[in-house]
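One chain is shown next in structure tokens, namely the form predicted alone.
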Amino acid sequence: MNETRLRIGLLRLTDSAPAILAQEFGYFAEEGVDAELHVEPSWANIADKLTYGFLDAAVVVPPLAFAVETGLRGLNQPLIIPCNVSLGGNTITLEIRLAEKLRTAAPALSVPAALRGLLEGRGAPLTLGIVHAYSTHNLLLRYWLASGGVDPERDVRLVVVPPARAVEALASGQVAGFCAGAPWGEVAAREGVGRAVATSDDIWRNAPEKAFAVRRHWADDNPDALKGAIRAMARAGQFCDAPENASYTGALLSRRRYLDVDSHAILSSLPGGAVVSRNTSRFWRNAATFPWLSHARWFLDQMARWNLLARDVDQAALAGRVYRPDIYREATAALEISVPVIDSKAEGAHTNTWDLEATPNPIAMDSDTFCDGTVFAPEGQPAAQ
């Protein structure tokens, strides 16, 4: 079998696990894909290399894929997202003293509302780190702050800090806190410089986090290899999501060429990796690998809300151009797994466990509620209730 080369970018994050495992276990090779993993230092590097063709694909934060697709960072590069990678996994981590004050103030209030009280009367905005302007972290953090009456444009100053540098920035006092993916919140706690005050699940239960983005030109030229890569990622997601595999996955990710972090810090963010964990990445449960159009629409809605995207952009068309559940269905048919029969769902509408209509069998789903109780159902999009 002739293998097709696929250069995949990723960062030192727990939710890079499916790509790493698919490579190490030979899943990509079994699908005729000659994968090369490139561990990059920042999301800016990922975006630039996708734009200029030094990478063919990447495990990305979805808002960044939209930014590259539409040229919000400069030159545009058409991308597709035919597969999601993970749900959850982020923490909002504050320096120890501020976290302690917040914990004392929070019992009678929501955490962001308590933070608003602590910020009143400050002479300067609180500096918080985000991993990129076009990131899930920026949008989730802003949503969380605004839910408690904190103005993200006035009461805080958001600065970009690459995930692997977030703990260093916190320890040096450059930022008073950060929102970043695992394992960096746990690393901050283990080093005694920070404490998590909220997680992805506190903002949006089972929030979409990383996605598999591919240059559209590569996808068009290599349709069979694309489907093979999706199958490899889905199989790896199943393995990473199994609690009994946590120790192996954590040890694999901890290797120097990947995360280069103590495996115990990684374990806390893996399913089954800790007795008690406030937040874990999910790679298979809750249809984690399915690229929901309603997820895409929520990201675009929030990007427009915070002036990261022009308000006159046709969001439905953009979402449908980038997110490709049709390709996911074609690719995974050979795996005989259950796949949703619809492309959108009403985000935030499910307060308890529920069954998602899927073929051949329904998929058991958990809550997807927002911290402010909002239900997001894009106009004109058929959505499962």
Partner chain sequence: MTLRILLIDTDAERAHALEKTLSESSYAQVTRAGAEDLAAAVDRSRPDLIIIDMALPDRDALEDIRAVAAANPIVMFASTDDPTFAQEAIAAGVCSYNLSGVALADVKPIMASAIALFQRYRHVETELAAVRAQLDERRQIERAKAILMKDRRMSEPEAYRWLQKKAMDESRKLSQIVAEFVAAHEAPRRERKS
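These numbers come from a predicted model, not from an experiment. Positions refer to the first chain, counted from 1.
Not on display, but discussed next: the form predicted together with the partner chain.
- Heavy atom within 4.5 Å of the partner chain in the model of the complex - residue from 106, 160, 251, 304: Spelling it out, the residue with a heavy atom inside the cut-off is 160.
- in the model of the complex, the residue from 227, 215, 116, 165 that sits within 4.5 Å of the partner chain by heavy atoms: Looking at the other structure, the residue within range turns out to be 165.
- Which of 313 to 321, 333 to 341, 356 to 364, 48 to 56 sits within 4.5 Å of the partner chain in the model of the complex, heavy atom basis: The contacting stretch is 48 to 56.
- Query: With a 4.5 Å heavy atom cut-off, would you call residue 43 a contact of the partner chain in the model of the complex?
  - Reply: Yes, residue 43 is a contact residue.
- Message: With a cut-off of 4.5 Å between heavy atoms, is residue 75 one of the residues that contacts the partner chain in the model of the complex?
- Response: Result yes; residue 75 sits at the interface with the partner chain in the model of the complex.
- Verify the contact flag for residue 139: yes if a non-hydrogen atom of it lies within 4.5 Å of a non-hydrogen atom of the partner chain in the model of the complex, no if not. No.
- residue 156: heavy atom within 4.5 Å of the partner chain in the model of the complex? Contact with the partner chain, no.
- What residues, if any, in 321 to 338 have a non-hydrogen atom within 4.5 angstroms of the partner chain in the model of the complex? Contacts from 321 to 338: none.
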